[in-house]
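First, one chain by itself: the form predicted alone, in structure tokens.
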């Protein structure tokens, strides 16, 4: 079974529409849809925005459905100058850019207890998603996804995230899901299409390009699942 987590309904609705024999179940206040896309068993959830919702959703999905792998799909803001609006970043690793215990001498982004900054994605799964971005006509990039409870919309913050973590894009959920998958030993991948440039124009660009970006990611996920066996 493949688990799919999106933050917003616009990121999940096309995938839900492609599911056959689907049935809902509410767990922890979140609706999980179980069904099939192609020959693949799928469970899909819209978690809500932010790291707490994302981690709660991933935990509930793993405990309830025991998926073989989890993919986080949706939109993000580009923080690297090599990534443009409507490009799709397939994450190589995820980091929580707002995790900061540096006053104690720790490295920025370090998760205490497991002593990790970067959560690497599953290479085989990520490589497959990358190939499907190209097959679907998208512009595929590989890179680090930086996560925080912040809609990045300033050149200063964008530059800090790109410089400090070597990130390609910034989102608000992926790093938390990757964290949960790591501690539960579940293979994970992140697929993010750029809705904006995480700069002073980000809010306007997000409103204009969010649905277009979400469709690109959704088309990749549907294509991958439809031919995954």
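Positions refer to the first chain, counted from 1. These figures come from a predicted structure and were not determined experimentally.
The discussion below concerns the form predicted in complex with adenine (ADE), not included here.
**Student:** Among 166-174, 182-190, 58-66, 35-43, which stretch has residues whose heavy atoms lie within 4.5 Å of adenine (ADE) in the model of the complex?
**Tutor:** Looking at the other structure, the answer is 166-174.
**Student:** Indicate whether residue 206 is a 4.5 Å heavy atom neighbour of adenine (ADE) in the model of the complex.
**Tutor:** So residue 206 counts as contacting adenine (ADE).
**Student:** Is residue 150 near adenine (ADE)? Define near as a heavy atom within 4.5 Å, in the model of the complex.
**Tutor:** Residue 150 belongs to the contact set for adenine (ADE).
**Student:** With heavy atoms only and a cut-off of 4.5 Å, decide whether residue 94 touches adenine (ADE) in the model of the complex.
**Tutor:** Result no; residue 94 lies far from adenine (ADE) in the model of the complex.
**Student:** Taking any heavy atom pair closer than or equal to 4.5 Å as contact, tell me whether residue 198 reaches adenine (ADE) in the model of the complex.
**Tutor:** Looking in the model of the complex, residue contacts with adenine (ADE) include residue 198, since a heavy atom lies within 4.5 Å.
**Student:** Mind listing which residues of 56-94 have a heavy atom within 4.5 Å of adenine (ADE) in the model of the complex?
**Tutor:** 75, 76, 77, in sequence order.
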